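Let's start with one chain on its own, the form predicted alone, as structure tokens.
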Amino acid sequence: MGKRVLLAPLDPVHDIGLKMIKRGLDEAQHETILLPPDLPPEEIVREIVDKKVDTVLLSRTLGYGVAEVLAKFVDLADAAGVREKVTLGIGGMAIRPELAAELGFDAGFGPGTTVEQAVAFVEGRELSTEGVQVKKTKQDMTAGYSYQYRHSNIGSLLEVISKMILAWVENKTSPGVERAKVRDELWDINRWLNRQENKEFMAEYPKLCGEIPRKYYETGELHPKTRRFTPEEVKGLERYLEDVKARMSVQKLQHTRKKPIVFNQYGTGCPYLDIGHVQVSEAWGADGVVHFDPSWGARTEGFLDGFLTHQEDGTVITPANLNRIHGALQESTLWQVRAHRGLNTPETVVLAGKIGADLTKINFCYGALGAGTDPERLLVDAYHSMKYAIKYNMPFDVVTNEELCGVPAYKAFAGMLIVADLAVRLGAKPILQPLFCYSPEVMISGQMEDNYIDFNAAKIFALRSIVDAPIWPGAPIGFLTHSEDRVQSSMTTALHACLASALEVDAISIASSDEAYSGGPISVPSKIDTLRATMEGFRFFGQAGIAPTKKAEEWSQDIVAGIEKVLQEVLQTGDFVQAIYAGLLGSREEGAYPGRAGRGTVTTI
């Protein structure tokens, strides 16, 4: 049976929402009476009495004095003797359910309420969130890509270089490879989860570790900048997780587009804080999160264990830390555990795979040039990392952050393509990750003096002209366009995100608005800044595009020519490791220095 519903705005002008609800009620066969804006509350109450309505729906958009206006209305309805006779709802931009309940309304509807929810309220049905709550699922950004070369000569050069690398690496190993093998073959995760002994693993693993992890396993001594969580802290975390999971709902950032998937990284040093950051990212729409490891961990042979917090940036990798973070993730959240550099690269892939990561990160060129690991060691470790990534079904991105050291894009891209080609030949699913920011190369050469669009677009055009592969710009987008001003940083992040969306890339990584200037761990509000800015940017552009100038195509061709030239030079050396030492993929003059960590540790089998 239809209801008699009176709709009235408690505002001077705003009644659009009520008009939309009126249409929904009319279509549901209810009788509606819509009053004009700017009527005094006394006149609205008189209409309620005269029209003998069942339900009253009010709206209030202006926030100024909202509590006083609504309280006065309820008092007037009480005085007129109609409050108990009608169902009273209030909605609008200034309304929150808690405020409405406190003031005596039967329901309050905030921003985002649908017409269907309002109709359900009028009909006395349970307020359903069906159709309002976002349902997200994990996406495979590598699906549908063939990895076939569109640039035949570059494809041919890469094939020969990959064969050269495979011939060099096939009979070599390292302490990192041997630990990964032990972790893969002897570490039984189910026994570990059940706190059962793993004697076979413990008999072998410490012998392959450096001093810090070995001391931990032999004496229980921790790294001086780490400590265990106390039992009270663990209980507090579990209560927090239980509470948040009960209330959690996720948002969608992309508006009408399906791409790009948006990743946000964490790595405060404290897994407890990281879990909070992850959940904020999920609640504000991030589709994936990236685990950021610490600097000392990358230079240490082997992992500690235990639920540990760390005093510096970058959360220490332990099985317990990863497992706690994994257990806190929403089912739809893609989880990447980075393994692209350092002395634990292959073991990180194994550990991440066993605990449930969806993605990892491997690049023996960037890791050997900008992160301090010996090129020979990292090439051996990365080769085995790729094989483990295949085993545990983890696609990985091939980052090109050596550009941040000053390496030109064409050299960084040549290295990225070498890594990706080798990965594809082994059966892996690499994802190309061009730097999408104001890099040192363009600061010096001036390609971004007019705009930030053309050179970033040129990179995407260049890669697409070479190979059919997924592209995930990062890392993060907009880097070096950010300042201490959080509004400015959020805006440049959003603009880069919109450019990436217009170029139809598969994913992006975004930073928090204080990431470069926090002076310590990033803050939660700054994380929300860039997620909200990105959402608004996607909403603003929708399916509309961004048109680069003709410069983008010209620079794209320059990048492709540069890549081809570098690959020919690498091939001429006849030795890939020596090509790195020779600076062919980034020279000392450009700011890329071959790493030293792990030097001399590669052995022939």
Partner chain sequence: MPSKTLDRVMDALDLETFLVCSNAEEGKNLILSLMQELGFQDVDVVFIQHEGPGVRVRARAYVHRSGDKYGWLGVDDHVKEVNHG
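In this text the structure is predicted, and so the values were computed from the model without any measurement. Residue numbers count along the first chain shown, from 1. We call the rigid core whatever largest set of C-alpha positions still superposes within 1.5 Å between the two forms.
In what follows, reference is made to the form predicted in complex with its partner chain, a form of this protein that is not presented.
Remark: none of the three candidate residues (Val177, Lys387 and Thr601) comes within 4.5 Å of its partner chain in the model of the complex, counting heavy atoms only.
Its partner chain in the model of the complex comes within 4.5 Å of no heavy atom belonging to Arg195. Residue contact with its partner chain in the model of the complex: Gln311 places no heavy atom within 4.5 Å of it. At a distance threshold of 4.5 angstroms between non-hydrogen atoms, Arg228 is out of contact with its partner chain in the model of the complex. Remark: Lys181 does not count among the residues lining its partner chain in the model of the complex, judged by a heavy atom distance of 4.5 Å or less. You can rule out all but one of 332-340, 421-429, 372-380, 277-285: in the model of the complex, only 277-285 has residues with a heavy atom within 4.5 Å of its partner chain. Screening Asp506, Asp293, Asp529, Glu441 for any heavy atom within 4.5 Å of its partner chain in the model of the complex leaves a single hit, Asp529. Out of the listed residues Leu237, Val524, Val82, Ala502, Val524 is the one that sits within 4.5 Å of its partner chain in the model of the complex by at least one heavy atom. Looking at 470-493, the one residue that comes within 4.5 Å of its partner chain in the model of the complex, counting any heavy atom, is Arg486. A movement of the C-alpha atom of Gly112 reaching 2 angstroms or beyond is seen between this form and the one not shown when the two forms are aligned on their rigid core.
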